[in-house]
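In structure tokens, one chain follows: the form predicted alone.
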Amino acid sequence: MKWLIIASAGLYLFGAFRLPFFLAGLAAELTYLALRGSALGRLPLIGPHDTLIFFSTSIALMGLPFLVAQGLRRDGTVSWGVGVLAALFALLALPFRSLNMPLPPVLNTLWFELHVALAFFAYALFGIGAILGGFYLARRDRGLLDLQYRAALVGYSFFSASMVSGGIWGYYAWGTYWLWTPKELWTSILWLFYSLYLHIRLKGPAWERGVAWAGIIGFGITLFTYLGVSMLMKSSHSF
């Protein structure tokens, strides 16, 4: 089934020129997830292979409203940026082995699946915000900065809901809502950073470049929270 992932990556890249290509890429990746989920009897959210695919799908799914937003419908460069990001994480998943084991008892709860899905929706929106921030710095188009703010605000809402559902999952799994493992620590740092981002915007036009850069830096913290902590540090969230 990995040909679906390769096909989706190619279609995402062509999506910069025609939206139907982008939609076809999203359909291919959703089909892959549906087939894996059907075979496993659960959402495929365990291990780097499945989470990278889910992250890539989330980028494409969350990116759709921005690709058809007023002012961006005919802007192939932003579509290309979103497509490249989705394709990159889809291709990164290919070298990793897919894990076909049943869910461990500690993960076998809807709160875990809700927690992870919401977190990846948030990560995806933070990534889209970084792309919009980069294009703002290149063009000085205030509309791009407004869209970056919307992406970060919705992503922040998803991330906050993910932290709440993760706390409930943690209570059922370990008897406590919070563990100060590296993952929880960096989750707190990420949440505080985007809290600061949302407030920096209130400083006015003089801070617009700073806001754009904050959106880019925030995605760097997001990637470390997701991949860096999971691969480099021991945590309850390690792969």
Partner chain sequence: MKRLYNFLASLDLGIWLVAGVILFLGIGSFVTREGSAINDVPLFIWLTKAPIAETWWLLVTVAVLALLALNTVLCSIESLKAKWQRGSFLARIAPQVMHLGFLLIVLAHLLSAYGGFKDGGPLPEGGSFSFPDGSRVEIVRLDARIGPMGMPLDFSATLRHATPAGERHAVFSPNHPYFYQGFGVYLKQVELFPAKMALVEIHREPGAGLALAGALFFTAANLMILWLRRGKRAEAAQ
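Positions refer to the first chain, counted from 1. Values in this document were obtained by computation on a predicted structure and should not be read as measured data.
The discussion below concerns the form predicted in complex with its partner chain, not included here.
- In the predicted bound form, Phe224 approaches its partner chain with a heavy atom inside 4.5 Å.
- Within 4.5 Å of some heavy atom of its partner chain in the predicted bound form lies at least one heavy atom of Ser160.
- Taking non-hydrogen atoms only, Tyr32 never approaches its partner chain to within 4.5 angstroms in the predicted bound form.
- Although the partner is absent here, Leu185 lies within 4.5 Å of its partner chain in the predicted bound form, judged by heavy atoms.
- The contact residue chosen from Val106, Leu137, Leu91, Val84 relative to its partner chain in the predicted bound form is Val106, the criterion being a non-hydrogen atom within 4.5 angstroms.
- Here the chain stands by itself, but in the predicted bound form one stretch of 208-216, 168-176, 49-57, 35-43, 168-176, has heavy atoms within 4.5 Å of its partner chain.
- Taking its partner chain as positioned in the predicted bound form, the residues of 145-159 that bring a heavy atom within 4.5 Å of it are, in sequence order, Asp146, Tyr149, Arg150, Leu153, Val154, Tyr156, Ser157.
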